[in-house]
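Only one chain is shown below, in structure tokens, and it's the form predicted alone.
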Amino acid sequence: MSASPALEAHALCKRYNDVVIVDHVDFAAEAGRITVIIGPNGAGKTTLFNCLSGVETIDAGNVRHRGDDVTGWSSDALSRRGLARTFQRSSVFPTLTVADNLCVCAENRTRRGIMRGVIGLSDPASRSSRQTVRRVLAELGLTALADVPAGRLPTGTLRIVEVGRALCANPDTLLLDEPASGLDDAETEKFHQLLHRLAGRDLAVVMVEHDLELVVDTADVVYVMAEGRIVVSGPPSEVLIRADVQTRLFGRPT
């Protein structure tokens, strides 16, 4: 029997008042694979992410993480369980250094570590957090920027810092909302390589992304979303050549 997907949703629904934003979505992401959700603006992609990651409550359906029903769990609880995410808009603390931004997320893995730090007591978890921060800084090529306030960094570098913050939670499932936004060509290529390294460590990597070149080069599975529904899914080489998909993405077949 095959293992359960790292993250899955069944008949997921989300509405605001009478407007249905996510409409009976079935979704699955497997460990060691890069799963990408694409679609036109207003398709419901970010709302789906919010429902999967506990940022918003769902109106119907369920979410499972590593085989367990986590429907209704908070984003904080899911993060400590191993599901981390980034957002479209930067959520870094601009006055904190890059290292301190990462440390905040590393220490959020245990409330005990945070509380002991607040009252001035040393804790083995804090030492472990610092080790995690050093490792992630090195992995992302951010070591030289460790002491730079995040607010001084360009948009492309901030995107990488956002990924670093998520990785400091030691996740097994990583959700990235438009992570390539603001990256130049060289940064995008490095990011492409990073994604494959993460998947190679058996992480389930899930992205919402508009850069179709990155999608083609990176994704193992693509879900196309429109008007709140998943209209097709499969390998990018099969999905992106479909005339109906191109019409949804570009307004007409290319």
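The structure displayed is predicted, hence computed values, not measured ones. In case it trips you up, residue 1 is the first one in the sequence shown, and so on.
Here the subject shifts to the form predicted in complex with a small molecule, a form of this protein not shown in this document.
- Proximity to the small molecule in the predicted bound form, taken as a non-hydrogen atom within 4.5 angstroms, holds for one residue of 9, 240, 230, 21, which is 21.
- Shown without its partner, this chain lists 74, 97, 88, 170 as candidates; in the predicted bound form, only 88 has a non-hydrogen atom within 4.5 angstroms of the small molecule.
- The small molecule in the predicted bound form comes within 4.5 Å of a heavy atom belonging to residue 46.
- In the predicted bound form, the small molecule stays beyond 4.5 Å of every heavy atom belonging to residue 67.
- Although the partner is absent from this view, residue 200 stays clear of the small molecule in the predicted bound form, with no non-hydrogen atom inside 4.5 angstroms.
- Of the heavy atoms in residue 41, some are within 4.5 Å of the small molecule in the predicted bound form.
- Residues of just one listed stretch (27 to 35, 214 to 222, 182 to 190, 46 to 54) have heavy atoms within 4.5 Å of the small molecule in the predicted bound form: 46 to 54.
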